[in-house]
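Here you get one chain, nothing else, as structure tokens; it is the form predicted alone.
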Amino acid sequence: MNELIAVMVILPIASALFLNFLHEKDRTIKILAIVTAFVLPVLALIAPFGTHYFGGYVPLAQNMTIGQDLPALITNTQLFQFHPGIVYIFNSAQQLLIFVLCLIAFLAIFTSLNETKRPSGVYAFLMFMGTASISAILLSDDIFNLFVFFEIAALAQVGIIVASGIKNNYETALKYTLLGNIAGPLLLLGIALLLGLTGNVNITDIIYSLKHGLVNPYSPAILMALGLITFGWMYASGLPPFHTIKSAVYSKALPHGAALLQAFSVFSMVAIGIILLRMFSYIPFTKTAIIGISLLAMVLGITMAIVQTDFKRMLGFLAVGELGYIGIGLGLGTAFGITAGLFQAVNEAIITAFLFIGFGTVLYKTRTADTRKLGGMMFVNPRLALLVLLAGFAMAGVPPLNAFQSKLMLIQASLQSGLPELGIIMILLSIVTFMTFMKAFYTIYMRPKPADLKILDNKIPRSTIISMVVFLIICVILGLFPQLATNSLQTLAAGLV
């Protein structure tokens, strides 16, 4: 048993609970939050690969490897008895994904402690609980455990919105909660159907039961479970029909909060998308549905971003549109395509966090996100403007930055799969993304400053600038050396195929 795997979830939860009880202790909150946030990505790097069993549970497939034959298992009454044990799996792909998630969490928390008026133990609690939940979702081989942290992550996101203090944030939080009250129970119903059919919620066991004919893999109940879990996947990710509320969620969070929230969306999409492929890829229309939903997200996200006058809503819709590239890679179903999709997920999480924090500096200096009221910000701080411009180049896939590599891989994967149309669509939408960003950049930074625009004397915190520089360095490194990420993702992709 590898206890460090469990610590990646337990540590942020324990820290969150402790920080929640600290009041009027600003210095203590700062120190503990920074130390914990720094340890989390380090922990992802030093934890050895392996499997952690809670409750001493060993999956059915592993029992087969130790000598028990299939007839004995079929006649074993324990086969269809629910077991409360939970399994966490940690390999090179999980290591990279959790490292990037925790790095974004560290930079978001690092930025928040200086941008907010005063540190809040409750706010740190929400950020750590969300990070712990998404880490657990990425690690879990138990679909009910995934559901539990799915709900905790949703509540943490609502809390981050409520804590922002932005106008109409309560309305957006309530809408997101109400939709979660629909998506969550439907996801749970899908899990209940799988439990009723297979007698288990362990994902490896469910796959084993479907593969070896212990249950009918094409039964209506299985197909319904697929549909219900897919619905939960769309809610957690912000895919259509949830793209509008997800964009609103980003716009009602503080910039560092939005940076972390979009990372939650990206890695929720990856984790649940992988589970859909693991359990249901044998059903012919599963991959087609993933591609269809992803294309819709790309088109709707970018189309709605074009017409926005609030740069936070624009970024929110662009973030939703970028999710579609990840889904295309997963839906292609080839080892190369899945690797490209996972690499795009890593890149999107980094780049979108970069953009939210970068554009957040405009909000910090002007207190407005309305592009109609902005202008001339290039002359306020040219270096920050350059960093934001490079972040936009990265999102659009301009070489030699990181998204160029992942989007090029996705285009190559679509060609290899005999779907050149997907490659053409991705190229066209990348061009539109670039044009949309450049329009916003010109409006905010390059056109003459409106006479009624007041530039505040607030000095941009050094922590914000450091975070942006770190994101830029990562974008350049992964753009020049993509194998640093793809080598860690290829094993998982090959296993899914």
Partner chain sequence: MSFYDVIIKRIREIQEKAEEEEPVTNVTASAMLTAELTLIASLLIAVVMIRLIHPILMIIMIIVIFIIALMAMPIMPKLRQEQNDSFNNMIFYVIMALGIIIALFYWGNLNV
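Since we're looking at a predicted model, the values are computed, not measured. Residue numbers count along the first chain shown, from 1.
The form predicted together with its partner chain is left out here; the points below concern that form.
Of the stretches 451-459, 45-53, 430-438, 28-36, only 430-438 has residues with a heavy atom within 4.5 Å of its partner chain in the predicted complex. Heavy atoms of residue 122 never reach within 4.5 Å of its partner chain in the predicted complex, leaving it off the interface. The closest heavy atom approach of residue 303 to its partner chain in the predicted complex falls within 4.5 Å. In the predicted complex, residue 138 stays away from its partner chain, with no heavy atom inside 4.5 Å. When contacts are judged by a 4.5 Å heavy atom cut-off, residue 285 counts as touching its partner chain in the predicted complex. Contact annotation: of the candidates 335, 289, 390, 408, the single residue with a non-hydrogen atom within 4.5 angstroms of its partner chain in the predicted complex is 289. Shown without its partner, this chain lists 362, 228, 127, 272 as candidates; in the predicted complex, only 228 has a non-hydrogen atom within 4.5 angstroms of its partner chain. Although its partner chain is not shown here, in the predicted complex the stretch 175-202 places heavy atoms of 175, 178, 179, 182, 186 within 4.5 Å of it, in sequence order.
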